[in-house]
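Single chain ahead, by itself, as structure tokens, in the form predicted alone.
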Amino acid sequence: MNPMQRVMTAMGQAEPDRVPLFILATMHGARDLGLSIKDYYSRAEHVVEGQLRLREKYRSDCLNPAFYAAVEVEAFGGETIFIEDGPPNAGAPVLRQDADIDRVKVPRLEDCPGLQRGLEAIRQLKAQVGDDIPILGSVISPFSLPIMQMGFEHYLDFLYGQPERFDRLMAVNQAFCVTWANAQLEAGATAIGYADPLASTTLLPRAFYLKTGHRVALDTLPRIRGSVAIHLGSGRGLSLADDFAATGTVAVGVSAQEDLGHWKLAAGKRFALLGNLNGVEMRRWSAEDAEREVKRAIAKAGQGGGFILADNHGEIPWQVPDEVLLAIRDAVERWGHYPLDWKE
């Protein structure tokens, strides 16, 4: 099977030739090209070359040309802070006062160079790999984007105290999210990752999420013209399994803090699972650690398909060395082939 066939079979709740592997490395492409992270993201061609090199090295079953998360805040007039050894971060909040929400408008994709570079990277990758390898697009959910637009503490206070302004901000963010997601699909992305860390029960009670972020997700996902996978950015979400199923998501990213076996039972055949190798601990793994963790994940979630092995956050930290990622690759090749007739 080629990567697309392997992934689509697993997503269809059947067993492919082996468990699909997503090495969701983004910044590592800069290292391979000998560029700073800032220079790497300055041109679509750098990201394209970096992703092709990383896929060849790690034999990942996808291409992940996602730029840094703060690129979406750039569209609203924000700045990005680049560092040498980690993901770029959003600068000062663009919505400093609650009244700013009354004036904020839906940005035009054409006016944001960072988003245009992201679309160009997807187009170039699609031209090179066609339909043989999945290309992942990504958006930040309308519900979680204000963490960067407003600052986390300000947004939490706002969430609980200003329902009318909340609805207006969600309408603006939703229009932007849907337009940005559909533009990536039109450029050649196979599916969209819907990053919604604030939905996690690590951060909000389920009852409050159901009144806010879940309502937004129910309205947003059907407007995206392609497959969408919800990712909680390492946060817990097992108690939300039924709620996620109601959105139509095709997959959910699983935290390293939760048991894949419990998630397998909760998901059933309604959606696939993505996860849940611990990206933070991965920095210190030996080859033996990597093999043990790969076997654990496959044993808990691999039977019957519906599982893609990946890290638990959706982005491999810069500090994770090649030796660990290569050991993960080799362990999947050793233990991930179907039928999974071995025992731990």
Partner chain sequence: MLRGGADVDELSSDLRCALESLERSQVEKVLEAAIRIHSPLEVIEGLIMPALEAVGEDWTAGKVALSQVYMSGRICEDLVGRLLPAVAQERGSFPRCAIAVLCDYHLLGKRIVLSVLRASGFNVLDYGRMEAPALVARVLADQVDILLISVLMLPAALKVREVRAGLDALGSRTRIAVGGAPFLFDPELWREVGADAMGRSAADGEAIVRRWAGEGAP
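Residue numbers count along the first chain shown, from 1. Here the structure is a predicted model, which means the values were calculated and not measured.
What comes next is about the form predicted together with the partner chain, which is not displayed.
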**Asked** Is it the case that P87, L204 and R284 all touch the partner chain in the model of the complex, with a non-hydrogen atom of each within 4.5 angstroms?
**Response** yes
**Request:** Using a 4.5 Å heavy atom cut-off, state whether P317 contacts the partner chain in the model of the complex.
**Result:** yes
**Request:** Indicate whether the partner chain has at least one heavy atom within 4.5 Å of a heavy atom of S234 in the model of the complex.
**Result:** yes
**Prompt:** Does T220 make contact with the partner chain in the model of the complex, using a 4.5 Å heavy atom cut-off?
**Reply:** no
**Asked** Does at least one non-hydrogen atom of Q257 fall within 4.5 angstroms of the partner chain in the model of the complex?
**Response** yes
**Complete:** Note: exactly one of L265, I81, A245, L109 sits with a heavy atom within 4.5 Å of the partner chain in the model of the complex, namely I81
**Complete:** Exactly one of D157, E186, D98, D131 comes within 4.5 Å of the partner chain in the model of the complex through a heavy atom, and that residue is D157
**Prompt:** For the chain shown here without its partner, which stretch in 274 to 282, 66 to 74, 297 to 305, 43 to 51 has non-hydrogen atoms within 4.5 angstroms of the partner chain in the model of the complex?
**Reply:** 274 to 282
**Request:** Select from 1 to 32 the residues with a non-hydrogen atom within 4.5 Å of the partner chain in the model of the complex and write them out in sequence order.
**Result:** none
